[in-house]
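Only one chain is included here, represented as structure tokens and corresponding to the form predicted alone.
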Amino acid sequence: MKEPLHVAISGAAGQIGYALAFRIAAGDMLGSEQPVALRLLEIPQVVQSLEGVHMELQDCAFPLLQEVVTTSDTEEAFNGCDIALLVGARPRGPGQERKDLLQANAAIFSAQGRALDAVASRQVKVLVVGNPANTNALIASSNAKRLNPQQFSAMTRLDHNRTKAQLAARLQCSVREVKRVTIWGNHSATQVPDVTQALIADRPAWPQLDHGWVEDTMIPLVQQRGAAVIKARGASSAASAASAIMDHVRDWVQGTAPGDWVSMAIPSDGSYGIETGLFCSYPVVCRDGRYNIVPDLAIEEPIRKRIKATVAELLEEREAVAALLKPS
């Protein structure tokens, strides 16, 4: 049997973490032949509830699950970890503005970046889910100076999956037939769902679509889908977010499907005129555990304008946390 991969989950007692842990233990993320060891991290006030999660994981008798550690100590959770899923983040409270949320979470993710730098595997893959995810990934990466920034990414896969689902519903096809959709920019209401390059059963989708529907219905729907879920169920997206985490890491580790690409927020290399270093969502292909931006796509002018706006938001967020972008 293979050596187990150590997977750390922050915010592991939350709804997303709870939905995630069992699927990882079952092999849904890393495959049916890959043993795993879980490191479940929570704040001290909540860590006791992790024992219940631990007991349930034991009771499932997952053949691939080699070990479970529950802790409130960040370095214990990240020690030697191969994959770090940074799910936990402070939610926006009453009367708080986005800049307040940025500051509150900046302190959390700078500390986690330093801990990863100190004790994680030198090949660790870090996925930031806690919002504002793009800028939190920038903060964590900036504080992990001995790790390559390309070992970090932020999640826009849920937005990507939502776009695929809307396109499949509109054209009355299987989601399996939808390829090459893209989320550009920030994981926020400024994100840019782009279906101009999409394929349906390997045929261009753009000529089959009502462009007014794309602009006036699909794009706003995807941008506001999280708020719509909260309104409908009284809680934020948990199962769908956990599923997107599985998709993101699986493709990063095992590679994207031939002829397709996925959306990941990664450090910009200047492609498509986006400032180098910003964590921006791009279309990427993954091979051998690495991601590469899809080059030379023709960007329609309406999409280009939206990308400019979402990048402007990312620049504003970076400015708001500038003091925490260099480790002390």
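None of these values were measured; they are calculated from a predicted model. Note that residue numbering begins at 1 and tracks the sequence as displayed.
Just so you know, the form predicted together with a small molecule exists too; it's not on screen, but the next bit is about it.
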Problem - Contact test in the predicted bound form: Gly113 vs the small molecule, heavy atoms, 4.5 Å - result: no
Handout entry: Any non-hydrogen atom of Gly185 within 4.5 angstroms of the small molecule in the predicted bound form
Key = no
Exercise for the section: Consider Ala265 of the chain shown here, and say whether it contacts the small molecule in the predicted bound form, taking contact as heavy atoms within 4.5 Å. Expected result: no
Practice task
Verify the contact flag for Asn131: yes if a non-hydrogen atom of it lies within 4.5 Å of a non-hydrogen atom of the small molecule in the predicted bound form, no if not.
Solution key: yes
Fill in the blank from the handout: The one option of Ala137, Ala144, Val181, Met155 with any heavy atom within 4.5 Å of the small molecule in the predicted bound form is Met155
Problem - Listed residue that, although the small molecule is not shown, lies within 4.5 Å of it in the predicted bound form (heavy atoms), from Val294, Val46, Cys60, Val69 - result: Val46
Practice task
Work out which of the listed stretches, 35-43, 60-68, 298-306, 275-283, brings a heavy atom within 4.5 angstroms of the small molecule in the predicted bound form.
Solution key: 35-43
